[in-house]
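Only one chain is included here, represented as structure tokens and corresponding to the form predicted alone.
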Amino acid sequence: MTTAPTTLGVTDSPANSDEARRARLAEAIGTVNGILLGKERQVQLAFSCLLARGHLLIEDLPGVGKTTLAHALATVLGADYQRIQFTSDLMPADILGVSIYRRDKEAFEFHPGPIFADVVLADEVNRATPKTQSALLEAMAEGQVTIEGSTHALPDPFFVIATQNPLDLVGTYPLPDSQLDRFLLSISLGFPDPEVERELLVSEDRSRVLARTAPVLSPRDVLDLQETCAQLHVSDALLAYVQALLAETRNSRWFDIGLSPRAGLALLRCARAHAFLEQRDFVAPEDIKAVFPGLARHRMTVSHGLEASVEDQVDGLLAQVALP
């Protein structure tokens, strides 16, 4: 595989070489897999989302490991980390911060909220009201927040991991479409296999394993890896395949509303990251197929009158569109 040139002004020392960063990335993935047992596919998608400069939504029942995955990701990244527990009485200022008048300075002083971190865990995001949920919109889309007319830049990298409980549980509010679109990927963990569950029952508590887990990557590593992923080659034939997938989602026999051009750009970013994790310097059709369900499942609803699930419709659509 061709070694990528040094990026972002980092000196090409052995510790900062492309091979060294790749080795640290592989170690980070292995560490998370050692904490969240039996979920290798979901872990790879989570890292694909990070390397594609996206945000991750984890949807599932309580108790299957959503918060554990988010905490493990934050730990191995070695970045500034904040957890926000979303509740019905949480206010936007509790997330973004507030400006407080300083009498001694005769001026307002901004006190940043927990959103000002490299990795932000929005735990049980759909337990907050729509007004509070909307506080994340500008931050996730533009990497900044505007408070009382002043704009404040967020750290770079900036990665939001949100967990969401099913909407039929008590005390949950549906995320609006505009909020859902800010998440690059949505994944679900599901119950563990019997063998994995037995290992969880007899092994050390995951919280103790997390407590002694050390960071593997650095924020600079993340930025360099993101830049490398963005440079991966996409052929004209594969671009045509992506366009065909987007066009097919807009056919009303599948979904009420198809994927937007912005979703198409997000699909390419995520496919590049997935290809990088597969040790390729080009995107293959397999990368598109691997990330497409996670990109589509939270953005679309099944056409009226159909009894199939979104997942079944996505699988059928992928089978329908010919590979290049």
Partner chain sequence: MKHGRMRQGLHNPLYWVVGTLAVALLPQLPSMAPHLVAITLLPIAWRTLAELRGWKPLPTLLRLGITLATLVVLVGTYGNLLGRRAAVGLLSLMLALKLLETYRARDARVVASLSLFLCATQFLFSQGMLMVVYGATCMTGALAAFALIARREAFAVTARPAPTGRGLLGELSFGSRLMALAVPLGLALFLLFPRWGSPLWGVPERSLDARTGLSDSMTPGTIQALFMDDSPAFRADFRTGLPARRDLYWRGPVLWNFDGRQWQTDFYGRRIEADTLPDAAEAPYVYEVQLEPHERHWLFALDYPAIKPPQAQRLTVDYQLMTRRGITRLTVYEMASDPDFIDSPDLRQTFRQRALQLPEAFNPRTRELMAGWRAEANSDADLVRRALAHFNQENFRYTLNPPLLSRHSVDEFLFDTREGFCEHYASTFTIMMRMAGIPARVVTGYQGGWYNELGNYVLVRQSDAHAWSEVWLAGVGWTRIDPTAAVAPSRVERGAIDALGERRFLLDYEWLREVRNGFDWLNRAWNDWVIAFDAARQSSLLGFMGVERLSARTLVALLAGAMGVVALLLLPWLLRLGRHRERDPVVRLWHRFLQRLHRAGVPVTVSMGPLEVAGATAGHAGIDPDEVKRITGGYLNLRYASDVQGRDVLIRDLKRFRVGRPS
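Numbering follows the first chain given and starts at 1. This structure is a prediction, so every number in the text was calculated from the model and none was measured.
Below: the form predicted in complex with the partner chain, not depicted.
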Exercise for review: Answer for residue 283 alone: is it within 4.5 Å of the partner chain in the predicted bound form, judged on heavy atom distances?
Suggested key: yes
Review point. So, in the predicted bound form, is residue 313 in contact with the partner chain at a 4.5 angstroms heavy atom limit?
Key: yes
Check your understanding: How about residue 220: is it within 4.5 Å of the partner chain in the predicted bound form, going by heavy atoms?
Key -> no
Exercise for review: Give a yes/no on whether residue 79 approaches the partner chain to within 4.5 Å in the predicted bound form, heavy atoms considered.
Suggested key: no
Exercise for review: Report the residue, out of 207, 87, 235, 134, that has at least one non-hydrogen atom within 4.5 angstroms of the partner chain in the predicted bound form.
Suggested key: 235
Check your understanding: Okay, which stretch from 249-257, 71-79, 152-160, 207-215 lines the partner chain in the predicted bound form, with non-hydrogen atoms inside 4.5 Å?
Key -> 249-257
